[in-house]
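Starting off, we have a lone chain in the form predicted alone, written out as structure tokens.
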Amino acid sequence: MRFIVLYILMPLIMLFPAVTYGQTRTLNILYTGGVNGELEPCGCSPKTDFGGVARRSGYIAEHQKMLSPYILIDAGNFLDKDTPQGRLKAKAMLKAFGIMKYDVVAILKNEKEFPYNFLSALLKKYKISVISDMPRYRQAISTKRDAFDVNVSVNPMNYHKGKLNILLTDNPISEIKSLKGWDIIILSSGEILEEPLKANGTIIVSGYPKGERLGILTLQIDGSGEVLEFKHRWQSLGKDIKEDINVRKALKEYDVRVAGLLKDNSKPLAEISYLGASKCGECHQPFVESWKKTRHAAAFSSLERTGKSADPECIKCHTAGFGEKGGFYSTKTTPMLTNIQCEACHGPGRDHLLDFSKPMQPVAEYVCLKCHTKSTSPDFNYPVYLEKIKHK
């Protein structure tokens, strides 16, 4: 009789496995947000040389077993502006996301600048699952990781009971703190949260600006799906992190395509506004000799060493007059304007050459701050740095 009862009950037991409520499981949420098109750090300062998709991918690949089970999420605003270079960045960024196998990526404010057909083709090519509040995109994705049912959405009303609910948004903290029903909210608003906030039972975190760090939120979840406790840490992505060679290859392809934006043959001989240091030296030779001893005089070579000598975002601060009429264009058409030379600080010299009574632009602090930003030059101090380039 006992065997008959077991025979009848066995199919029911298989359909409804027992839940061990005393048992907890661990899930890691790996997240980014607010990267704003930063493929890799510029490397201008060791203090800001953190981040980059090659390091991020390398870290995840090397520590995959330790991190598992995990879900990899980007909370949006991973792109920059819709420009020719911005589109090349988008291709490189999404290719990197595909290599890293992001589980969910949000399309938010920055990405909305790009045409739907352009983005959708890339997302399909690199097999990336996205959510967005824009038409033709899904607002939520349900996924399973190990024993966890996860609902990831951009809609504040779209949470599901019985699942781990994660909201992705670029709304500020002040607007989302009152939301209820969410286990986790990940921001891409650019606000920095060194530690998670807890409000209305929700854990709130924010992607680190420019992707300088990878957020890792470790959840302890019981058998009923309730988050019992959590731990959070930032994984720094410095030079000590081994890069993913496939992502590095994608970045090199990006550099080549960016260089193609500056086509030498399409550059007409414009009106000459910038003359070059050698011309300045005809009257101001002692000043030019003094300049040659500064780091400014070799600034362009640092770009050549890193393969960035044709990247508009870099050469604007390593040449004279790039992006301005008659300024630097390329090493082929305007070789005399490489490096941070006289006219990079004092302005174009053509009018001064035609009439010596017209003075050159004085070097004020605002001139330096165009390139000496917090991210490229965190230790910049105007009086101290001015001493290093003063004519002697």
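This one's a predicted model, so the numbers in the text were calculated from it and none came from an experiment. From 1 onward, residues are counted along the sequence shown.
The form predicted in complex with ligand HEC exists for this protein as well; it is not shown, and the discussion that follows is about that form.
J.: Give a yes/no on whether Ala121 approaches ligand HEC to within 4.5 Å in the model of the complex, heavy atoms considered.
T.: No, Ala121 stays farther than 4.5 Å from ligand HEC in the model of the complex.
J.: Residue-level contact is defined here as any heavy atom of the residue lying within 4.5 Å of ligand HEC in the model of the complex; does Ile245 satisfy this criterion?
T.: Judged by the heavy-atom cut-off of 4.5 Å, Ile245 is well away from ligand HEC in the model of the complex.
J.: Counting only non-hydrogen atoms and a 4.5 angstroms cut-off, does Cys283 reach ligand HEC in the model of the complex?
T.: Yes, Cys283 sits close enough to ligand HEC in the model of the complex that at least one of its heavy atoms falls within 4.5 Å.
J.: How about Lys95: is it within 4.5 Å of ligand HEC in the model of the complex, going by heavy atoms?
T.: Output for Lys95 is no: heavy atoms all beyond 4.5 Å of ligand HEC.
J.: Quick one: Leu275, Gln341 and Thr373 and ligand HEC in the model of the complex, is every residue within 4.5 Å by at least one heavy atom?
T.: Yes, because Leu275, Gln341 and Thr373 each have a heavy atom that approaches ligand HEC to within 4.5 Å in the model of the complex.
J.: What is the one choice in Thr306, Ser132, Asn158, Ser236 with a heavy atom within 4.5 Å of ligand HEC in the model of the complex?
T.: Result of the distance check: Thr306.
J.: Taking ligand HEC in the model of the complex as the reference, which of Glu313, Glu194, Glu229, Glu226 has a non-hydrogen atom within 4.5 Å?
T.: It is Glu313.
J.: Since the chain is shown here on its own, which stretch among 26 to 34, 341 to 349, 328 to 336, 59 to 67 would lie within 4.5 Å of ligand HEC in the model of the complex, judged by heavy atoms?
T.: Stretch 341 to 349 is the one.
J.: Looking at ligand HEC in the model of the complex, which residues in 358 to 392 have at least one heavy atom within 4.5 Å of it?
T.: The stretch 358 to 392, when checked against ligand HEC in the model of the complex, contributes Lys358, Pro359, Met360, Val363, Val367, Cys368, Lys370, Cys371, His372, Thr373, Thr376, Ser377, Phe380, Tyr382, Tyr385, Leu386, Lys388, Ile389, Lys390, His391 at the 4.5 Å heavy-atom cut-off.
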